[in-house]
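There is one chain below, alone, in structure tokens, taken in the form predicted alone.
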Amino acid sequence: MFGIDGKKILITGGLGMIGSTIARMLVDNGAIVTILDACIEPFGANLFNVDDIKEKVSINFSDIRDKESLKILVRDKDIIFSLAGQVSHNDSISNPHLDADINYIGHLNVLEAVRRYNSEAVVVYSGSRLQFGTVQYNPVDEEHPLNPRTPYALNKTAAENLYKYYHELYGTRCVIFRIANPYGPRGQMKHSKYTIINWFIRQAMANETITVFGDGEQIRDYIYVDDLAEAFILSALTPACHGQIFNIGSGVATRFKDMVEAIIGIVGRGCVKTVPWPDNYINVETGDYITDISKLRGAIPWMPKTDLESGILATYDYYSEFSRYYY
């Protein structure tokens, strides 16, 4: 499918939802995959995510803050998917030093290792739609102003600038993404700090009450993890993408309450209640958000294939079989 047979790939954060999905696609297409993951709780690393391909990948339990480890691991790799990170917006407020250490300094370590020891590698970086801060217009294109409102979004933006800098000064072949709201199989379900759809599916499966902040009319863009992974791989293999920034999502506007109602309908359990926005979400709520994916669609032969209901059903089916490995 990708023409990636025999290529050597490093995935940092490769035991998480996005990284393990990329790993599985790569293995299926003949790539030689190395996974780096620090397995820091509660970020989502899970060995079960690669259980059925564990004999086909190399796993290194290390950390992007470990410069000596990176010095070895980046060598001879054709592509590096730089996905490792602290994933909680609210935790970045309570512990900004940890967020900066991983989400900024960690990525400086990756780039320095690539510059010194493997300058020909392509590096794909995963940023966040929260870098935009309060949304000024929709759909949101790549030219929308960046106004990060949490340390998480701030450090994602600072790291993005690092990748741009290394591309412009050293010629590092970087592809930069700003991701909307990802969800799908192999995402953690222990808490609501990441992959909110996965968390709501868990609550519905337990016949619990799903809490919606505000009136539920807020608009979001949800992208299924397989669609996301495919775009990442294609962009790495497309020279015209190197040095570019892309917004990525489904491009489809969904009201929050409609997403929740879809989950309850598909799972067949659970209920919903609305409550006022809590104070610690003030900086996270940025207004309605829809991704303009026209730049990415013009650069690679890609289109999101999975509509929201199909993605929720596939995610529910996965956890119906394997939930014991996730909580």
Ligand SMILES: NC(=O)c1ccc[n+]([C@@H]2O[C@H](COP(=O)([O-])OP(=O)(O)OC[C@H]3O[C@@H](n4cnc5c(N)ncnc54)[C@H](O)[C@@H]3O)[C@@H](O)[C@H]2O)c1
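Remember, predicted model here, so these are calculated numbers, not experimental data. Start at 1 and count along the sequence shown; that's the residue number.
Not on display, but discussed next: the form predicted together with this ligand.
Undergrad: Among the candidate stretches 270-278, 43-51, 292-300, 256-264, which one is within 4.5 Å of this ligand in the model of the complex when only heavy atoms are counted?
TA: Partner-contacting stretch among the options: 43-51.
Undergrad: Using 4.5 Å between non-hydrogen atoms, is L73 touching this ligand in the model of the complex?
TA: L73: no, not in contact with this ligand in the model of the complex.
Undergrad: Hey, in the model of the complex, does S62 get a heavy atom within 4.5 angstroms of this ligand?
TA: S62: contacts this ligand in the model of the complex.
Undergrad: Is I102 near this ligand? Define near as a heavy atom within 4.5 Å, in the model of the complex.
TA: Contact with this ligand, yes.
Undergrad: Is I18 a contact residue for this ligand in the model of the complex, using a 4.5 Å heavy atom cut-off?
TA: Within the cut-off, so yes.
Undergrad: Taking this ligand in the model of the complex, would T34, I79 and N118 all count as contacting it (heavy atom within 4.5 Å)?
TA: The answer is no: none of the three residues contacts the partner (heavy atom, 4.5 Å cut-off).
Undergrad: Looking at I176, V87, L154, A113, which is the one with a non-hydrogen atom within 4.5 Å of this ligand in the model of the complex?
TA: Spelling it out, the residue with a heavy atom inside the cut-off is V87.
Undergrad: Select from the listed residues S92, S126, N198, S250 the one whose heavy atoms reach within 4.5 Å of this ligand in the model of the complex.
TA: Answer to the contact question: S126.
Undergrad: Which of the residues spanning 176-215 lie within 4.5 Å of this ligand in the model of the complex, based on heavy atoms?
TA: Heavy-atom contacts within 4.5 Å come from I179, A180, P182, Y194, T195.
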